[in-house]
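Just the one chain here, laid out as structure tokens, in the form predicted on its own.
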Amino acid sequence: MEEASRASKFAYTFIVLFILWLVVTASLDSQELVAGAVISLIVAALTHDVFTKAGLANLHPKRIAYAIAYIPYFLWAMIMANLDVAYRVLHPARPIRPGIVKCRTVLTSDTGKLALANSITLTPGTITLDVDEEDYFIHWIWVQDDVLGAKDDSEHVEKASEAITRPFEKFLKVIFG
């Protein structure tokens, strides 16, 4: 993806900051709107070069639709993981099989990789320990049998990636390119 013009990056930064202002203030009062617009303009003028590379291209309808769909998907994954961890903590036998697994991502953008690492860490039962290019090292509270039974390292990585990173990647690849 080639880098966007300064005007496109400025406009995108302003839009995102102003929407954030609206969400944080939860007000449509004219004074709040003017203050938000002024502050967003100032911050956008100072930070647009580091805020985005793609500019307004980030507002493509497909990206927005996937970002909106990702929110309930991620929340559902978080709820299910919370229930799983609660079960493991409350069960008298404490059924845990912790381990550090290596996963490989198909994401190429730094922002996408960051979002994936955060999604993994925010989901109870998994913590991203390290990211090295396309490799993620993840502490997993319940390493599955098929991952443990992998014949070689590449099969181990593929099975762990299928269980941990792939569900998030199908959304993040479209959102972050």
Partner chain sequence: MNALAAIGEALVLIGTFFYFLSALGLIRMPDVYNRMQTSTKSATLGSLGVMVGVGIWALGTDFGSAAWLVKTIAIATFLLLTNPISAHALIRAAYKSGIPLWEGSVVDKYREHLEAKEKVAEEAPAEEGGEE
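Numbering follows the first chain given and starts at 1. Bear in mind the structure is a predicted one, so any value in this text is a computation, not a measurement.
Below: the form predicted together with its partner chain, not depicted.
A.B. asks: Answer yes or no: in the predicted complex, does its partner chain come within 4.5 Å of a heavy atom in every one of I15, G36 and I68?
C.D. replies: No, the whole trio is out of contact, none within 4.5 Å by any heavy atom.
A.B. asks: Only one of E134, D130, D49, D145 has a non-hydrogen atom within 4.5 angstroms of its partner chain in the predicted complex; which is it?
C.D. replies: It is D130 that has a heavy atom within 4.5 Å of the partner.
A.B. asks: Considering only heavy atoms, tell me if E162 and its partner chain come within 4.5 Å of each other in the predicted complex.
C.D. replies: So E162 does not count as contacting its partner chain.
A.B. asks: Answer for G125 alone: is it within 4.5 Å of its partner chain in the predicted complex, judged on heavy atom distances?
C.D. replies: Yes, G125 is a contact residue.
A.B. asks: Can you tell me if V106 lies within 4.5 angstroms of its partner chain in the predicted complex, counting non-hydrogen atoms only?
C.D. replies: Outside the cut-off, so no.
A.B. asks: Counting only non-hydrogen atoms and a 4.5 angstroms cut-off, does P72 reach its partner chain in the predicted complex?
C.D. replies: Judged by the heavy-atom cut-off of 4.5 Å, P72 is well away from its partner chain in the predicted complex.
A.B. asks: Go through 23-48 residue by residue and record those having a heavy atom within 4.5 Å of its partner chain in the predicted complex; state none if no residue qualifies.
C.D. replies: In sequence order, V23, V24, T25, A26 come within 4.5 Å of the partner.
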